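Here you get one chain, nothing else, as structure tokens; it is the form predicted on its own.
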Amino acid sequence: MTAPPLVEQQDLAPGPRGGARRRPVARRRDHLVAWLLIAPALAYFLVFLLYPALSALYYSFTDWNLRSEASWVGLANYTDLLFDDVKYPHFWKSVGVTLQYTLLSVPMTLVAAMVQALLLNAIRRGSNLFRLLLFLPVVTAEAAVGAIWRWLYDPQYGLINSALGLFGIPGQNWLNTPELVIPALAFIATWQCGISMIIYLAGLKGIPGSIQEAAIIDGAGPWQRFWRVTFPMLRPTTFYLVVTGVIAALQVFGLVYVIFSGSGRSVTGGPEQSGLTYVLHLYLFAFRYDAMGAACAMSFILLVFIMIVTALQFRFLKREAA
């Protein structure tokens, strides 16, 4: 009989009851391999996430324009943003625009995603193709999405006004009418509801068919089955999508930036700043107005606000979803 390999003989030693026990050398080697495996992710977190976040926290208490030395001002950036309407006249305007966009886009997105998921769940053939087509807007680059929708909303040549004209509805100047800017942006967000649709579809697949069959036997119609069976069982899914949707809507930036820039336009958020979202305003302070300290303060105000909103959602919505 051949002897076991030398490495195993060194790594294993008899335990207190005759069993094999790993030596400290083997455990240290396992720990070293584990640290080597997580080292890239850990380095990414430290260099690209933690360090920038801590730096932004420091600069939020300074007056800094990216070129000169940062000077310490304490809480002046926070107090001026919240209370000085002369120095920061559009701060609360951007807060209001973002809240309006969130309150409009999140429900519209969830309703559209639910309808699409129900339709896909009822299709027996070709569902994969339709799922792919409905998910394409999500993976399309924001720059392309913004350019396409800016053309679709064009008051003279846009397809949306042309389609409305077929029904005798007069065309609108969507992106140059303050009252229509937020609905126009919310409609684009609804068009990009593919992720929510996939999550709802997964939730529908998880509902046992026996429950639906029992409801049919009891004489429940399609509408009653939806309200009495399907929707209640999707409440945890809806809760998750509401939380993540609100967080994403409060941080909307790329789409608004692309739509209200280009072609010689200045990025101000549309007519009368009706599309000046919070993160777009933050970007303007950081890279257009040379006020990086104020921009960093705005980022942490947004962080605190998102944490408060998320905590409130967990307190009031999760209780209903349970």
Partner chain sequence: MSRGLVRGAVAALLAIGLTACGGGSGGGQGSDKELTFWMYQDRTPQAGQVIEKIRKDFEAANPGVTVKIVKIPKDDYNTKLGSAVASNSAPDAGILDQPLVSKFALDGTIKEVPAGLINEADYYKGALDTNRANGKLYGLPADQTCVALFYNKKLVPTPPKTWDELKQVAAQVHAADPNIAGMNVPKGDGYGGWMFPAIVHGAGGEMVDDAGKKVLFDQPPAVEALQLWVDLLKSSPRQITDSDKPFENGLAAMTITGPYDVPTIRADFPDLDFGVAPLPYKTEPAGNIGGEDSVVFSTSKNADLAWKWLVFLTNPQNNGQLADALGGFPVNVKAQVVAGGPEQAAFLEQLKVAHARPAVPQWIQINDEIIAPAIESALTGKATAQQALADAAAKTRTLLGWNS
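Residue numbers count along the first chain shown, from 1. Basically, rigid core = biggest C-alpha set you can superpose within 1.5 Å across the two forms. Owing to the predicted nature of the structure, the values given are computational and were not obtained by experimental measurement.
The form predicted in complex with its partner chain exists for this protein as well; it is not shown, and the discussion that follows is about that form.
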Segment assignment from 221 to 229, 67 to 75, 243 to 251, 112 to 120: heavy atom within 4.5 Å of its partner chain in the predicted complex: 67 to 75
Contact label in the predicted complex: P40 to its partner chain, heavy atom within 4.5 Å: yes
Heavy atom of P155 within 4.5 Å of its partner chain in the predicted complex: yes
4.5 angstroms heavy atom contact with its partner chain in the predicted complex for P236: no
Any non-hydrogen atom of P89 within 4.5 angstroms of its partner chain in the predicted complex: yes
In the predicted complex, the one of Q100, Q212, S127, Q172 near its partner chain [non-hydrogen atom within 4.5 angstroms]: Q172
Single option in T140, N176, S162, T79 placed near its partner chain in the predicted complex, where near means a heavy atom within 4.5 Å: N176
Stretch 100 to 138 - residues with a heavy atom within 4.5 Å of its partner chain in the predicted complex: none
Large Cα move at L32 between the shown form and the other one, threshold 2 Å, rigid core: yes
